[in-house]
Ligand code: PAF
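Presented as C-alpha cells, the chain that follows is alone, the form predicted on its own.
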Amino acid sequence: MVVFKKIADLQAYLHQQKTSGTDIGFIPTMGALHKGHISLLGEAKKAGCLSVCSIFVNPTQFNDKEDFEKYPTSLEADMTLLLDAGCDVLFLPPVTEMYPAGTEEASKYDLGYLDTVLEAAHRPGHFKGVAQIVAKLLDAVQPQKLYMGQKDYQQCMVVRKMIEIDNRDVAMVICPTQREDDGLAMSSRNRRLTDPQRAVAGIIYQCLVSILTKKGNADFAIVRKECFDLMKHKGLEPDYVELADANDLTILSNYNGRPMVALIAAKVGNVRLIDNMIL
C-alpha cells in the first residue's frame, strides 16, 4: 500500500497507473475503520479497480465542535486493516492540503430539499460540508468509481446531487449496510457506546424490521409511534422515525407502492446513531 499526503504526489502516481487502463475505485472515509469500510474496499477490488482509500476527518461537516473533537481516530489500526484488505493507495491529507485557503471557504453547492430534512434538519450545514469535501477528494483522486455505504443514505443522496451539479464523470456505487450480529449498523460512532448502551442499540434495527414487516398491514403512523415508544422504553432518545421516497427523500405519511426507505435517528446516551432500510 502506497501512502500519500500531498495531492500532487497522489495524482502523479495515479496518472502512471491510469496509463495501463486500470479503473480507480475510491473509498472516502473519516477513519475509525470497521468491516463496513472494508466491504467497500472489497467491492472495488472485486470490480478490478485500483483501490484508493482516503482518511480525512473533515472539520466543515461538523456543526457541533464537541462532536468533531470526540470523533474517534485510530490511524495505526486503520492502516493495518487496509493493508490486510489489500488496499492499493491510502491518501492522508492534512487539513491545510484540502483547505489551503482555510476552512471558512464557502461550499458552492445548493442542495435544495436534501438540505432541509432528516439529518439536515438536525445538523445544519453538515451536508454542505460533505458535498464540499467529497468534491475536493474527487478532484484529487479523479476516480472512475466512487464507493459509499447505504448506512448513510441521505449522505449518498447528497453526494449524488453534487455529482449531478458538477456533471462529473464518475459512477457512484452504493453498497449494502454491514451489520453486527444483533443488526446494529456498523459505525465508527459505535466505539463510543458503553457496554450497557451497546446492549440496547440494536433496538434501532428491530424498529426498522418492524416497519418493513408491517408494510401493507398497518398504518405507518401507528408503526412509527410503536417504534418511538419502544426506543424510549429501552432508554434511547429518538430524533425521528420516518418513511421517505427512496429516490428523492420526500417524506411520506404512509406506505404506498413506490420504492421507499425507512430512516431512524436516535441518541444512545450522548452518541447519535442513524440507520435505514429499503422497503
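All of these numbers come straight from a predicted model, not from anything done at the bench. One rule holds for the numbers: they count along the sequence shown, beginning at 1.
There is also a form predicted in complex with pantoate (PAF); it is not shown, and the following applies to it.
- By the 4.5 Å heavy atom rule, the three marked residues V130, I133 and D152 all count as contacting pantoate (PAF) in the predicted bound form.
- Looking at T29, you'd find a heavy atom of it within 4.5 angstroms of pantoate (PAF) in the predicted bound form.
- Pantoate (PAF) in the predicted bound form comes within 4.5 Å of no heavy atom belonging to S39.
- Although the partner is absent here, M148 sits close enough that one of its heavy atoms falls within 4.5 Å of pantoate (PAF) in the predicted bound form.
- Only one segment in the set 226-234, 242-250, 41-49, 58-66 has any non-hydrogen atom within 4.5 angstroms of pantoate (PAF) in the predicted bound form, and it is 58-66.
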